[in-house]
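Okay, so here's just one chain, in structure tokens, the form predicted on its own.
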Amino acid sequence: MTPGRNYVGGQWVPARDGATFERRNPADPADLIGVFPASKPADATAAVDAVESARRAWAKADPEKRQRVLERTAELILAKLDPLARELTREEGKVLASATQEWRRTAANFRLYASEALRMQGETFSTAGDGLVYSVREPVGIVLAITPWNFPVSIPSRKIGPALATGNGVIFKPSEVTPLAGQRMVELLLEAGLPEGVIALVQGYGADIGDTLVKAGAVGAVTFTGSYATGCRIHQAAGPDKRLQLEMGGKNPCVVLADADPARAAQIATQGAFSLTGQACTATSRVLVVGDLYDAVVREIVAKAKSYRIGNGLDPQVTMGPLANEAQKQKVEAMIAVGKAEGLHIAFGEGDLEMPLPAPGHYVAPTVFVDVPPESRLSREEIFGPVVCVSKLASYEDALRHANAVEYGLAASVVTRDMGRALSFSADIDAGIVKVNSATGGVALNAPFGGFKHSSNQTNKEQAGHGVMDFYTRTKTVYLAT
């Protein structure tokens, strides 16, 4: 068992009142991962004060020093890759291959943002007379990073990395579902040479400390990935003075056009739906099939769902792990029950498995609902589990209307041989990420990430691309006269 701690003011400390919570292996709840601080507002305030005291020296540090810290963090991750990945699988539940890939991606993210430490640029402006007008980039001060459990190291790295590269102090609030992953992230940064106090780690439940952290006057920016409901609360609490980067949910369609190959369409749809046990904001939740391909696509999707081997992600033969915790399992099972209550047909589910679900553990079978109407709750609400809804549409126009008829707009894919139609879909779909002949999940680390509608506040994109680093800096204009 790992002893869990907060990191505040250069010290690893418990919660001030001694309160704790447990984290257990979702594949085997008898396996205790660790006991972690259940922080309260006093802990949050102490973290803000500590980072505020240390951040200015980091902002003045040689940019090459900031670059070296992030580069060294990437090196340490790769040197410790196997134990880090195994630990992540134990804590979060994803299969070992996915955990390994996530830590590799995390190292790549830190390397990407290490280079940005040297690229903070200003401008000069022409003016009348002998004076000079120029702009400079400065860090915003303290960046609060609030991150989810489904990608508990890669998502934090694409928030903490750019924040540190541009000279900000950071307060890191990881999910209470993956506190050990958050602790490991901070340990690696400190081992890489990050000065004490520049980052604070605050463990615990968002309901206890979220408002205190978001409302703190010293916090200049909040970057958040999670649910729409929580994003709304952050937006309301932050007020007009803080910049916000809110990446929230998705209800992502895969549109299969009449010229598609059914086997390829099913492979793309199921990869998007069932990878990471469906626990991704970009997961495919709806498959919208145009025309006569419907029955063939359903058969192929069912065959692929049947091929998954469910169990502990540390088993190399397993291709689908458990859900992250009991609450998540209950949520997904409740949505499956909603589909049954609506009279929807399950073409594949728990009752069709060749072997029963493992016990104990928070397991749900890959589940395929078919003939799902657009008014169904399963067509409209985010499920965040291995459940996919398949619907038959008469035309491209009907499929597009169905695809856009939800409150989210994160990712969408289209499967077709017609590149003209693919380009039309890319223009017509109301989503921030469009995939042609590939799954909705999986994105490039050097491209902008974010959605429309309830999926994002749409002010600042995340990850990379033009303007992303602007979120972590503010512009000061100087008028210089002799």
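Residue indices: 1-based, along the sequence shown. A quick note: this is a predicted structure, and the numbers were derived from the prediction, not measured.
There is also a form predicted together with a small molecule; it is not shown, and the following applies to it.
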Residue 207 near the small molecule in the model of the complex, any heavy atom under 4.5 Å? yes
- Query: Even though the small molecule is not shown here, does residue 384 get within 4.5 Å of it in the model of the complex, heavy atoms only?
  - Reply: yes
Touches the small molecule in the model of the complex: residue 169 (any heavy atom, 4.5 Å) = no
Within a 4.5 Å heavy atom cut-off, is residue 224 in contact with the small molecule in the model of the complex? yes
As a check of understanding, the residue in 264, 401, 329, 233 with any heavy atom within 4.5 Å of the small molecule in the model of the complex should be identified as 233
Checking 311, 139, 249, 197 against the small molecule in the model of the complex, the residue with a non-hydrogen atom inside 4.5 angstroms turns out to be 249
Testing 285-293, 144-152, 69-77, 108-116 against the small molecule in the model of the complex with a 4.5 Å heavy atom criterion leaves exactly one stretch, namely 144-152
